[in-house]
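Only one chain is given next, in structure tokens, and it is the form predicted on its own.
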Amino acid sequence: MDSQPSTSAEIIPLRPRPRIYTRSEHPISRKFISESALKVLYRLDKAGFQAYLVGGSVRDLLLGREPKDFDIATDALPEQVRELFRNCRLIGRRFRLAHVQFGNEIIEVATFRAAHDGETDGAAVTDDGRILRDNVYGTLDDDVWRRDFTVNALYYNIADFSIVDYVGGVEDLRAGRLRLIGQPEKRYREDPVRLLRAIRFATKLGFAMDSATLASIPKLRHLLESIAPARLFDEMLKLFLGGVGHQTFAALRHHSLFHCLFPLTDDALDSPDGEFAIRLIACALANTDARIAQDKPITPAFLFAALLWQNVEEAVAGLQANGVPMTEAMQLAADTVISKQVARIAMPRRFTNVTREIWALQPRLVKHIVKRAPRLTEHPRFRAAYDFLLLRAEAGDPVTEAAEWWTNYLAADEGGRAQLLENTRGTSKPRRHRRQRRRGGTANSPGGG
């Protein structure tokens, strides 16, 4: 993300006439749109409803990128959408949405929304400017002003294949500029998660935030403390598992928003071993980005293990200093760190349990190489734990000997493994060294678990 904000601080005027880009004025072709999305668009249009592709898919298609999702906006009510599609279900309380499912693909259909004015019979509920529930329906002219950034407020009309642009989104795309619609402070207060979305989109797109969008972030970041931990978990996945996690981490720290997500980790980054923690996290994120680029599987559990490892190590050291055995110390430390972290981000147990196992296997991989090697390789989390050991070595932790031993062991055939075990018997345990204070480096391990 460009660290310098755009010089444009212009607030978008209210309700200008939209600019219509005809089919000959833009590069979007139906051959790049999901067949499932086209089915929904055409059926809505045939039934007499307005139907527009909207948001990130239009933005990405204009940038020549392959969209991840295809969202649709329409004047049809959710119940009317459900009547048109047997494969549809309605979800959400805060925002009522229709999900039309085709195999593994879900097309999200949202009814146009209008501004809430306090006279909507409870359809919209706000708290100190924050929107808690919002099912006030309107027209396309209303809906555009409810969206967050100009580049996400572009509508592709299936009726004539034109693009409708009320807010200068096409111009902002061309200029590489991320700009909030309306008064930034008001929009951030409506939904503080937009603070994180601003960082995510600016980093993902490589855009610069305009000065008005950027200026309110420092003074409003405390609003994220009021966001439900479950919602922050969803946003955290988008931040770090979007293919540019490494850059996003740096941007979140630069704007002092990382502390809002991982306060324990952020504090650890200022500790004497903070440089190692930064390297470990950077390696893990670079590893994750590489796997996403290669379309390989990933798991948030591996990333959690890296983000919280420094805190766990410090807690283990404190417990051991008081005479607690390693195995028990690791378990207690993991319980303490995870319980504190889930108060901020609701990490599901299916992930935290894997994270615990990755941590618990670390001392076994380092200290019990020979005796339990064959058995350890059969552990369901061995591969993830081994990858994490490689990551630690890459970041400068004194576990290089163990990491190399396991790499050789896994690469050998049955006879080679037996010989390696025999040669290692009776040797001393791996020596402990001070962490290497080196910078940079990218983990070469799979890291996916």
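Computed from a prediction, not measured in an experiment: that's the story for all the values here. One-based numbering along the sequence shown.
Note that the form predicted in complex with a small molecule isn't included here; everything after this is about it.
S.K.: Is the gap between R231 and the small molecule in the model of the complex 4.5 Å or less for some heavy atom pair?
M.R.: Residue-level check for R231: yes, a contact with the small molecule.
S.K.: In the model of the complex, does G56 have a heavy atom within 4.5 Å of the small molecule?
M.R.: Residue-level check for G56: yes, a contact with the small molecule.
S.K.: Against the small molecule in the model of the complex, would N157 count as a contact residue? Criterion: heavy atoms within 4.5 Å.
M.R.: Heavy-atom contact with the small molecule at 4.5 Å: absent for N157.
S.K.: Tell me, yes or no, whether K204 is in contact with the small molecule in the model of the complex, where a contact means a heavy atom of each within 4.5 Å.
M.R.: Judged by the heavy-atom cut-off of 4.5 Å, K204 is in contact with the small molecule in the model of the complex.
S.K.: Counting non-hydrogen atoms within 4.5 angstroms of the small molecule in the model of the complex, say which of R194, R344, H255, R113 makes the cut.
M.R.: It is R194 that has a heavy atom within 4.5 Å of the partner.
S.K.: Just one of H259, K296, K238, R372 has a heavy atom within 4.5 Å of the small molecule in the model of the complex. Which one?
M.R.: Answer to the contact question: K238.
S.K.: Just to confirm the contact call: exactly one of 56-64, 397-405, 23-31, 42-50 touches the small molecule in the model of the complex at a 4.5 Å heavy atom cutoff, so which is it?
M.R.: That would be 56-64.
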